[in-house]
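Okay, so here's just one chain, in structure tokens, the form predicted on its own.
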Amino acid sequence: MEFKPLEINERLPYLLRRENIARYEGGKVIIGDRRAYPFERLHVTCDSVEQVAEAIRTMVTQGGGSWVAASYALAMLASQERRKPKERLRQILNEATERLKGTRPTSNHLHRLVERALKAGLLALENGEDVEAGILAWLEAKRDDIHIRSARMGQYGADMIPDGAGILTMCFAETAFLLGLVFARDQGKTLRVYVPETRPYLQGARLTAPSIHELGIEAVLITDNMPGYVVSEGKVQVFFTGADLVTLDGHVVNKVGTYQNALVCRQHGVPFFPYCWEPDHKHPGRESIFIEERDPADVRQARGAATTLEEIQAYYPAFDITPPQFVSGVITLHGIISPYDLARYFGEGVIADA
């Protein structure tokens, strides 16, 4: 079954609708503020690349929202600097792209797509066309394409959900995962989703659980140290996450906590399926992965309230790495692929271009 982008957008919860992720109005980038959700529905207005970069760094947006905001930032910059000589504008756009990529060192999806936004702008520049318009045209077409592809991946995921299933997730797996839940429900399946809170930033509690609830699907919030017990009690039949990066040899990089959940699921015979467009050709194996470490002060508090003494040491790796032996299959644009088969399959020219 194929859907049109507008139809897909209407099936998504508030947080993932295109107009609420980020938009471009009056020469400014307006970003949905995920820090305030679900208690408030706010937006942050940015009028410079630096403001957009800081919005991404400080988690105003995250996941799939980051590349959209970053691409709009390049369009805004092209408009602001349109009178600059061609070579100077090229340099400015390249420097801005590196600044935006640096906000999320581990996110290959952000890096890849903001590079393609830059490419669209530079192509317009070479052709003597309006650079802002070139980036915006590419961006809107790409957002349409990603919605359609996310629906296709969601259908693959829905087929892996048995009727009456308990589902475990981690962090905010976004569009393809949520569409998978919607499609499974449309197939007449009953389901319940167990959502770990995702300390220290609480994406599970603030973003995932409310979004699932908004879709009319049962969401059960648990703390990050409960999945082992919940899985051992037979409450979970399948584990889904997104993936910030998948290596060619099948290592899955996702929000910290994913690895321990995958271990528990393997112990109890529960399959683990991460969603990922395609493996990253720049990352052949585990040794190529850089794990971003964020401000340890975040670990000593919860939503601004201190949970320990300020002088206590803390440690905040933002992601972890799940080896391929704990991954049942990677949900890609081309179906569910064994983690051991990614290099062969995608090395033969099957490129998602997403």
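Note that the structure is a prediction, hence the values are computed from the model and not measured. Sequential numbering from 1, following the sequence displayed.
Just so you know, the form predicted together with a further copy of the same chain exists too; it's not on screen, but the next bit is about it.
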query	finding
4.5 angstroms heavy atom contact with a further copy of the same chain in the model of the complex for G121	no
Distance check, P279 to a further copy of the same chain in the model of the complex, heavy atom within 4.5 Å	no
a further copy of the same chain contact at Q155 in the model of the complex, heavy atom, 4.5 Å	no
Proximity of Y259 to a further copy of the same chain in the model of the complex, heavy atoms at 4.5 Å	yes
Which of 49 to 57, 27 to 35, 315 to 323, 62 to 70 sits within 4.5 Å of a further copy of the same chain in the model of the complex, heavy atom basis	315 to 323
Proximity to a further copy of the same chain in the model of the complex, single hit among N94, Q267, S79, T106 (heavy atom within 4.5 Å)	Q267
The single option of M160, L113, L125, A219 touching a further copy of the same chain in the model of the complex, heavy atom within 4.5 Å	A219
Contact set, 286 to 306 vs a further copy of the same chain in the model of the complex - heavy atom within 4.5 angstroms	I291, V299, R300, A302, R303, A305, A306
